[in-house]
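Presented below, as structure tokens, is a lone chain in the form predicted on its own.
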Amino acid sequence: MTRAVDLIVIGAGPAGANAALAAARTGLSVTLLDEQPTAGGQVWRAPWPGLMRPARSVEDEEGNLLRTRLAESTVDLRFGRRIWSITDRFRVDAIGPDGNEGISAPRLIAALGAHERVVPFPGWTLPGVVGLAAATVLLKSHSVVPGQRVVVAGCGPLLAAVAAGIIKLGGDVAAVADLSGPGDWLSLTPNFATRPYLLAQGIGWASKLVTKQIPIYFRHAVRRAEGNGCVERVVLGPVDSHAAGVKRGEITLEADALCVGHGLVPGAEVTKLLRARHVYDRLRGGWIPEVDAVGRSSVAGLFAIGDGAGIRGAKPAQIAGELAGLAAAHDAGAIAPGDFARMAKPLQARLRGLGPFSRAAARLMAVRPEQVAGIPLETVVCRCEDVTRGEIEAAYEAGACEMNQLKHFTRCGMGPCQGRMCGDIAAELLAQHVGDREAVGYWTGRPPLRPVGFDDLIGTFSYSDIPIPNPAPL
């Protein structure tokens, strides 16, 4: 049984939730789906039920307000749904508590957020190595530190946020290693100053590190993680202004955990699956759907918003979500053109005003080709299928010049994550031979979007329930 509504929104973070709320206010029937048990996304993630955080933050308050607004709205909330298939005009299939559910609508808003990028290094598959974004889940949702003695490494604002979060929960931060230098941060201060609250928040995180006398190694990267079955040591080494390794002294730190991340990659699986046009933008995370000023993609009725349409952060995602929700209502005839233009204009102005901060943060998190070029040949790139950099190089030598050929030659990207963790780095490695990221492209989107079990799809039945056709006449 497929339920029909006016609008389906996928993703209940700042973008998707606000899109659903805006559209529902105009009278549209809206269904909001998310795999998590409640709304908020990564930034406004709710604590695990029954778990109290040590102290409330502005993000907690914003997340609670969003969840209250959704609960009081007419939006059909479907949490705990794993979406595995989306077909044209738009049927969405998801596994929920009662098995497979089908929902259809003439309009679909994709707000899948982003997933983190980790540039591989020897030992990154050891237990105890955790992504920066995954570490924030432990800290925000579960109030759990990743380890007893933690090294935090990578690039971008999440470095200080994760380190400060570990300290707040009583953890021990052995060191912070930043690919960027002090000058890189200082040169972007005017951009960061356009959002005083976030600038003050970042200064507060940095002050905690200074107060606790945490060593901060600027222009350093993880060379390798070592240990017998789990992380026991983290070896850092200096890099140049392009993040390429420099042959100077290494620093070895005793640690039982390493939180590491090198920016974010847009979650554009839905728009790729539905064959929307995409463009490559290094400063916005990679391949992003081509959209207009209110989020409409090249596929009629399909919108893409939030970090899944290019990394910009929570506040821009929130505004973009409201814009897309109103645009979907306008396209459905629920808002007159003049009213829509009047409502959209101030939102678009606010979105432009947030651009300088977003671009500064994105610049710090953009993938560095020189860092990728330094991955050792024996290092695993695709964790699901154990594909090393050397195997990717061999595939190129054998004739693989674009991403679908690489998948065919190596199985890279064919595991449970469907290339979300390895795709960006594998493409960067291939592009360093072919010439650019546009030439190597991206993996063709195919269902299932997320891995699902056959038992979830077929439900409970006995052989007597299987219809047997009559024998064919002779």
Ligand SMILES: Cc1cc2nc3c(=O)[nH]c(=O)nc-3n(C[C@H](O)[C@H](O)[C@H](O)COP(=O)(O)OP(=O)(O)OC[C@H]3O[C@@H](n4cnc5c(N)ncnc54)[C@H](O)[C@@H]3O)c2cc1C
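All residue numbers are counted from 1 along the displayed sequence. In this text, all values refer to a predicted model and were calculated from it rather than measured experimentally.
Keep in mind that the form predicted in complex with the named molecule is missing from the display, and what follows is about it.
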query	finding
Interface membership of Gly147, the named molecule in the predicted complex, 4.5 Å heavy atom rule	no
Contact test in the predicted complex: Arg82 vs the named molecule, heavy atoms, 4.5 Å	yes
Exercise: Glu62 in contact with the named molecule in the predicted complex, heavy atom 4.5 Å	no
In the predicted complex, Ala20 touching the named molecule (heavy atom, 4.5 Å)	no
Options 367-375, 132-140, 346-354, 284-292; stretch whose heavy atom lies within 4.5 Å of the named molecule in the predicted complex	132-140
The named molecule in the predicted complex reached by all of Gly13, Gly16 and Gly113, non-hydrogen atom within 4.5 Å	yes
Listed residue (Cys155, Val381, Leu264, Ala304) with a non-hydrogen atom within 4.5 angstroms of the named molecule in the predicted complex	Leu264
Candidate from Gly313, Gly96, Gly237, Gly181 lying within 4.5 Å of the named molecule in the predicted complex - any heavy atom	Gly313
